[in-house]
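Have a look below at one chain only, the form predicted alone, in structure tokens format.
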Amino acid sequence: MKSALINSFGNIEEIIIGEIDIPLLKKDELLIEVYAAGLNPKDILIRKGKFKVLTGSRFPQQIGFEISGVVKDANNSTKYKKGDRIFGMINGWKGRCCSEYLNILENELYYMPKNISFEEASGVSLVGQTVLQALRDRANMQRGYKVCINGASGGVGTLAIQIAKDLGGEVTAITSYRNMDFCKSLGADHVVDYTKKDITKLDEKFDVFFDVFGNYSLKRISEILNKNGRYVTTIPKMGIFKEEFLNFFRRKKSKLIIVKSRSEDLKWLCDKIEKGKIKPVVDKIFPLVDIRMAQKYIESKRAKGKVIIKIKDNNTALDL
């Protein structure tokens, strides 16, 4: 089968499309024919060797952590059968989603929402679960909370606006002037242009500061947090571990979200999408052969929503 691979840590020239064996299934795994895969900044950081302690240094390594597709072999599953449309995310640090076939654990996937395409579904599972677990679980978000989202126009941010609103929040989106109207269209109550305003000196006080870009810290934004406020980030820098230790001694807390794929959270996302509460945002779709261009586009930090790799054709949505 065809698969996107990296031959060593480095720049995008290390990415190739190679031929590897279709994976053999272990207990509780299903074989998925992949229709589309979502790319994420995590893929770029891994390719650059930022997490080599977790990925190991044996090559070639495959790419990608979130997919949509069709069950090819249900492997005696009592829940899924051959032909079921699914979406999901693999846990851990060894990607393998930008391939024609994928082995995945049953608890890392769920039935695909019926009212969206495979391309849209492939970009939901990692970012959607990141947001849900960050706001609901790590920040303990409640209805009426004031939520500030830094990096609101990217893959995580576009769903963060929508999920925060669904959870009952009042949302302030931090973005550039280019994307202010875009963020408002997703439901943001307020939009701040970071090129014109110092975010750390806003007059507003927030219950949650969700730092998608990871370029702030609890210390830097403490003055705009309420007394029991939560700073949550997706970026595992060394400083965040020190800040989490200091949580024992202060009311304002700093939290790191390390997303975990769970069927129940994917079901939550599926239900919200089918009810029209959440809509995936896809910026660009690239064929597998252009994965270098796709990763380069993510690195530009200009993406408005998700960047998707299309693996298979004929992937239209079913009507409800």
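In case it trips you up, residue 1 is the first one in the sequence shown, and so on. Note that the structure is a prediction, hence the values are computed from the model and not measured.
Heads up, the form predicted in complex with a small molecule isn't pictured, but that's what we're talking about next.
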{"query": "The small molecule: the contacting residue among Ile273, Ile63, Val281, Ile257 in the predicted complex [heavy atom, 4.5 Å]", "finding": "Ile257"}
{"query": "Listed residue (Leu202, Leu105, Ile235, Leu167) with a non-hydrogen atom within 4.5 angstroms of the small molecule in the predicted complex", "finding": "Ile235"}
{"query": "Interface stretch in the predicted complex with the small molecule - options 114-122, 150-158, 67-75, 94-102, non-hydrogen atom within 4.5 Å", "finding": "150-158"}
{"query": "Proximity of Tyr194 to the small molecule in the predicted complex, heavy atoms at 4.5 Å", "finding": "yes"}
{"query": "Lys42: touches the small molecule in the predicted complex, heavy atom cutoff 4.5 angstroms", "finding": "yes"}
{"query": "Thr130: touches the small molecule in the predicted complex, heavy atom cutoff 4.5 angstroms", "finding": "yes"}
{"query": "In the predicted complex, Lys296 touching the small molecule (heavy atom, 4.5 Å)", "finding": "no"}
{"query": "Three-residue site Gln142, Lys184 and Leu218 fully in contact with the small molecule in the predicted complex at 4.5 Å by heavy atom", "finding": "no"}
